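Coming up is one lone chain in structure tokens, specifically the form predicted alone.
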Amino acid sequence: MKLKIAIVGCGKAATRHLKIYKELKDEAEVVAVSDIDPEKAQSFANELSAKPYIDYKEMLKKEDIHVVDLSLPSGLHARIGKEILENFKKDLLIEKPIALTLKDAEMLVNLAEKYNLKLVTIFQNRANLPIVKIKEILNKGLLGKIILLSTKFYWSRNQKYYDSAGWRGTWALDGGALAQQGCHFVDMLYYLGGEVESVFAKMGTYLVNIEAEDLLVGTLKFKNGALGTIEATTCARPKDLKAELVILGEKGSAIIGGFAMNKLDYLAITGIEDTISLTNGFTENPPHPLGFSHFTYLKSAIKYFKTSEKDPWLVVGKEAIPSLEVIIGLYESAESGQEIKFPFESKWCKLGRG
């Protein structure tokens, strides 16, 4: 059986999905697409031999579909996602982050559970081969007690990028470097480091004219005692500079580099001289015309929607909430000037509120 998919939102994220769905045409079929811009909807429809709609509600009333691919700006996930789950009872695939407030994220998760629907959030970097291997190494305790997880990305997003869409860089619909580009790195800190006890951060807007931040520096205290750091910025000029994740443990260390945590740059473990054999085949994502991790993640999502078989890297239901809580905590700290201890009630964070 082919999975029947409808796409809501025909922007940048959906363009990548479109290419992957075309490659996976034997497993899934996009039967309809919707966008408030009729030209975008028609263009997508032509690519996929699907039906175009301007109104997603009309599309979901008329078309027989299994899953909705929600590829709208993050600030619209909650309102549109609620409609899809509650009124149309469709499984949902959402681009990261699941929502911009904890209340909205929990609402979507609770609705999916109430109606026995599947909800998957796309954090494709979990499917990177180096991450798969490092997660296995950590689960086996080969690095011993972890004392530090440090991540940083120095990327470039200029004013032209933010001006390309009115919602970019706004608190209500997008957020800044941390919430959008940085959400992958925060998710990885949680995925590999575990639950977070407290955070502290400073942020500012330096090189572009937007509401949200283009630079945030934060520290984390994990419940297992480890410390963490994050440097999240889109201020690198004139182009993207680097990204990396460093893990220090009592028995070993690892550095995951590449532009999107897709290359194992360093691994040393006490008592294991042959780390090459240990990581053979997992040191770097193989070349893929559609992006290895994104392709792998969407393929896994399709399998899950069809069979309920869940690959370990897939973020299902409430699994998308902890990293969002860390993001909101970091913003809360930066706005209030205080260390934020979990759990907390957000009072200062502007994300999702404007």
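Just count from 1 along the sequence shown to find any residue number. Because the structure is predicted, anything quoted here is derived from the model rather than measured.
This next part talks about the form predicted in complex with a small molecule, which is not shown.
**Student:** Ok, Val132, Leu76, Leu248, Ala236: which has a heavy atom sitting within 4.5 Å of the small molecule in the predicted complex?
**Tutor:** Of Val132, Leu76, Leu248, Ala236, the residue with a heavy atom within 4.5 Å of the small molecule in the predicted complex is Leu76.
**Student:** Though the small molecule is not shown, can you say which of Lys51, Lys310, His294, Lys318 has a heavy atom within 4.5 Å of it in the predicted complex?
**Tutor:** Checking each option against the small molecule in the predicted complex, the one that comes within 4.5 Å is His294.
**Student:** Using the partner position in the predicted complex, report whether Leu142 sits within 4.5 Å of the small molecule, counting heavy atoms only.
**Tutor:** No.
**Student:** Is it the case that Asn262, even though its partner is missing from this view, gets within 4.5 Å of the small molecule in the predicted complex, heavy atoms only?
**Tutor:** Flag for Asn262 set to no.
**Student:** Is Gly175 a contact residue for the small molecule in the predicted complex, using a 4.5 Å heavy atom cut-off?
**Tutor:** Flag for Gly175 set to no.
**Student:** When the contact criterion is heavy atoms within 4.5 Å, does Ala6 count as touching the small molecule in the predicted complex?
**Tutor:** Ala6 lies outside the contact set for the small molecule.
**Student:** Can you check 207-215, 146-154, 221-229, 160-168 and let me know which stretch has heavy atoms within 4.5 Å of the small molecule in the predicted complex?
**Tutor:** One stretch meets the cut-off, namely 160-168.
**Student:** I have Asp35, Lys40 and Leu72 flagged as a candidate spot, so tell me whether each of them has a non-hydrogen atom within 4.5 Å of the small molecule in the predicted complex.
**Tutor:** Yes, because Asp35, Lys40 and Leu72 each have a heavy atom that approaches the small molecule to within 4.5 Å in the predicted complex.
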